[in-house]
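The chain below stands alone and is given as structure tokens, in the form predicted alone.
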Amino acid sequence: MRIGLLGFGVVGRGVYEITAAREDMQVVKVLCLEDVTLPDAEVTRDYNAILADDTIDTVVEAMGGLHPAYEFVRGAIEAGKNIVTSNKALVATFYDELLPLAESKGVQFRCTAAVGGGIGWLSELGRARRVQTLRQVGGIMNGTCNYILDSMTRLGLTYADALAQAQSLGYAEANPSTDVDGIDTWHKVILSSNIAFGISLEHDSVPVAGIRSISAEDVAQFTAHGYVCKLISTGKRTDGSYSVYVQPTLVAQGEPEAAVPSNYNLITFIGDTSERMSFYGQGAGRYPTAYNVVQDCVDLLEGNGFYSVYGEKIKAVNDDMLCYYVRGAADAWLESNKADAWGEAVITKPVAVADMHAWLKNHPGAFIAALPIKN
């Protein structure tokens, strides 16, 4: 395998280092805007140098972002090159375009590192759905948010202090919006649901709530009531309809998710044969992520393509009935659905997920967290 590598940052450099020790693949050209010299690969600032090289059969995209990553990946597919990417935003956003295009051009497309970093989550979903129906996917998919929430819970830090610490350690960007507003997790649960259920979700039907507005007082209330707050993604299939959403969720102390520390992930699927299967590990980082990129390259060598068929367009219903902790705003709807109070926060009666998120859109400074369903 001869590889054209797009990007030479954290993940790209890791891919180069891992492949350098292998005999079955080689990075021969690297697209990089910095002055880098490599002993066995040509470094170029011109994407067309990779696109026009007929000896390159696989393009590995490790640039991140939507543009120009989309244009580069699309161009590579049209040129008949296989694609491996770790870019969850790219795949989730252009799923309806890139997957059918790859199929029509007879090339392979893999993106295991796009969800879970070093966890082989998407490849395992592909294996699982071969022999059973998957009913649910989701869990803790963002290491930055988990680090912040874990630090607030265990160390008593404020949100601002926990975020600053995450940034100092390289777990959070200078602008952390994609993580703390739940967008990163949103992309990941959309992609996971598409693969697990063989569908293509309408993005606008998948609501998301992040952790930006959480306070130390909220965390104290959760601890006093025996809960830990985590940012949880959920994708469910029930009798042909789908519920898919991202939101802060209270997990009972002693549950597996409650114990997930630092920047780790814990992602789960539930199948009608296997029941619950969970996957734990680092969701980011140079070598964990690059490891799964190279695993995808090996899969291509072995003839393993995408994880599931491209499925029909589906709108999520989100009619799950949950109780919520709500703090920071009030109106007639919230008052009419009030069942209890924890300090200044309202505990709602069971309300539909779609209704709670619709309310939150009109109260953007409020903080919500779903309570576990009591059987």
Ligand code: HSE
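One-based numbering along the sequence shown. Note that the coordinates shown come from a computational prediction; the quantities given were computed from them, not determined experimentally.
What follows is about the form predicted together with L-homoserine, which we do not show.
Student: If contact means any heavy atom within 4.5 Å, which of 180-188, 155-163, 194-202, 71-79 contacts L-homoserine in the predicted bound form?
Tutor: Of the options given, it is 180-188.
Student: If you check Thr144, Asn292, Thr249, Thr85 against L-homoserine in the predicted bound form, which one has a heavy atom within 4.5 Å?
Tutor: Exactly one listed residue reaches within 4.5 Å, namely Thr144.
Student: By the heavy atom within 4.5 Å rule, which residue out of Ala92, Ala284, Ile211, Ile119 makes contact with L-homoserine in the predicted bound form?
Tutor: The option sitting close enough to the partner is Ala284.
Student: So, in the predicted bound form, is Tyr171 in contact with L-homoserine at a 4.5 angstroms heavy atom limit?
Tutor: Although L-homoserine is absent here, Tyr171 would touch it in the predicted bound form, with heavy atoms inside 4.5 Å.
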